[in-house]
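This document starts with one chain, in the form predicted alone, laid out as structure tokens.
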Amino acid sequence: MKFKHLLNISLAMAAAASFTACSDADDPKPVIDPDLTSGLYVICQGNFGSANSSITFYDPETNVSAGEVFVNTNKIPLGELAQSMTIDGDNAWIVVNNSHVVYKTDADDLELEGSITEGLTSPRYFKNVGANKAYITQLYSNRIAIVDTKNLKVTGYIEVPGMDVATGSTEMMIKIGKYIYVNCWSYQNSIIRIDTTTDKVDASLEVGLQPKSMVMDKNHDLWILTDGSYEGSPVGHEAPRLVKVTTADFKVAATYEMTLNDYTPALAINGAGDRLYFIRNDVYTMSITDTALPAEPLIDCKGNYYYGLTVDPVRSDIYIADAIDYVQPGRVLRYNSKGELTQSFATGVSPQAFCWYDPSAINAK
């Protein structure tokens, strides 16, 4: 077994370290527990101009965390403004936006195997779409990069119709059959559909101003949470909304409008794909069969502007990223499915995204 890096720190060692978010480069490497059913990577953005992005790993079974796992493995900094991480088979792909780099690492231990550094303007998300082929979405660009994942090279681009370079923005990607669905966020109002056999956008659908987050439910339908843009925006300002899109016909099936200036940074779905969770100032949850937005929150955020959200696909616990003041190290709050706070742990600066790790899927190979 490879598990030479991530988490099997003893509880005694963790207590002695007081769950510090940053570790000295000479600290011994923690090791993943091979019996771990799932673990959670927290992608910490860091500060603009500081190149202090980091990744924290958390074991839900033992409530033990380890900070700076990329740095401790590779002895190099992660970079500036880490945006997302995607685990695809044996590989974990880490996208660092302002450093214009996508790292290919070993999913077992985050050991660096290579990087994509040329041809990217402002990478946001990575998605494997076929044999040795992936897409990388970008902020400040009207093009999605096509990547040869074997040779780690950008081989071409998908231009998004009707989108210019100055205000271009493509974000999250979901693959269903031969299609990739992409939400277009900053200064945009649509999601697009790409045919991976032709690498062309074949359809676009308006869903509301600035589609921020997107998930797929058990029926292969999409749910999109918009943020409504902001007052004074050149593209307008409207109330955020939750939108259901049926992928069989690529049409809006339902729209749930919120209130102007609601804070809506994140949307998540449970492992069964039948229950949505979203931040609307507080944290709300609803079934995918509900016909109205919930009246009461599951979790009262008490006026805090939490940054990210995810749901454990195995245990259905809810994790909220709290950047605090976006300067000091942040934290993640863990709640059970009833909305009761059960644990919290420290992270790097500005935790904002999550990636679930299933070692059993890799061990089986």
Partner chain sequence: MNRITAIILLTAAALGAAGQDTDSVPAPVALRGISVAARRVADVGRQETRIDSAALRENVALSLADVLGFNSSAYIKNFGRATLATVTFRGTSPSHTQVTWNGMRISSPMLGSTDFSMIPGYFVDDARLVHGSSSLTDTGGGIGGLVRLGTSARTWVPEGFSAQYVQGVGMWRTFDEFLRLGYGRGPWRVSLRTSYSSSPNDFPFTNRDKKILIYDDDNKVIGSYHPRERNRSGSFKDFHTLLSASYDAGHRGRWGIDAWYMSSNRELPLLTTDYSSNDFENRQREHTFRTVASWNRTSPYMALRARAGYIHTWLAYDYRRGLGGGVSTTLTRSRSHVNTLYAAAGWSWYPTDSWLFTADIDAHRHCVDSHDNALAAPGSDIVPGYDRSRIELSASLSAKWRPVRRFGAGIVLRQETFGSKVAAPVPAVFADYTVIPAIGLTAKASASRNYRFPTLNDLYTTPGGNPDLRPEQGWTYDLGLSSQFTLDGRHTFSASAGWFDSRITDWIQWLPSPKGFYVPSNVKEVHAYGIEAEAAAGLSLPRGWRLDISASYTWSASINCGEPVNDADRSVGKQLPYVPRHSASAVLRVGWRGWELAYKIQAYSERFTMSSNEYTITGHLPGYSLSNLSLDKSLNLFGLQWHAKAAVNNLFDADYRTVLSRPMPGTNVEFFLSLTI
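Positions refer to the first chain, counted from 1. As the structure is a computational prediction, the values presented were derived from the model and not from experiment.
Just so it is clear, the following notes concern the form predicted together with the partner chain, a form of the same protein that is not shown.
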Among 190-198, 175-183, 247-255, 114-122, which stretch has residues whose heavy atoms lie within 4.5 Å of the partner chain in the predicted complex? 114-122
Evaluate residue 349 for contact with the partner chain in the predicted complex, applying a 4.5 angstroms cut-off between non-hydrogen atoms, and reply yes or no. yes
Could you confirm whether residue 322 comes within 4.5 Å of the partner chain in the predicted complex, counting heavy atoms only? yes
Closest heavy atom of residue 208 to the partner chain in the predicted complex, within 4.5 Å or not? no
Does residue 71 reach the partner chain in the predicted complex, with heavy atoms at most 4.5 Å apart? yes
Check all three, 100, 103 and 235, heavy atom within 4.5 Å of the partner chain in the predicted complex: yes
Just one of 109, 148, 262, 217 has a heavy atom within 4.5 angstroms of the partner chain in the predicted complex, so which one? 262
Quick one: which residues from 66-97 get a non-hydrogen atom within 4.5 Å of the partner chain in the predicted complex? 68, 71, 74, 75, 76, 77, 79, 80
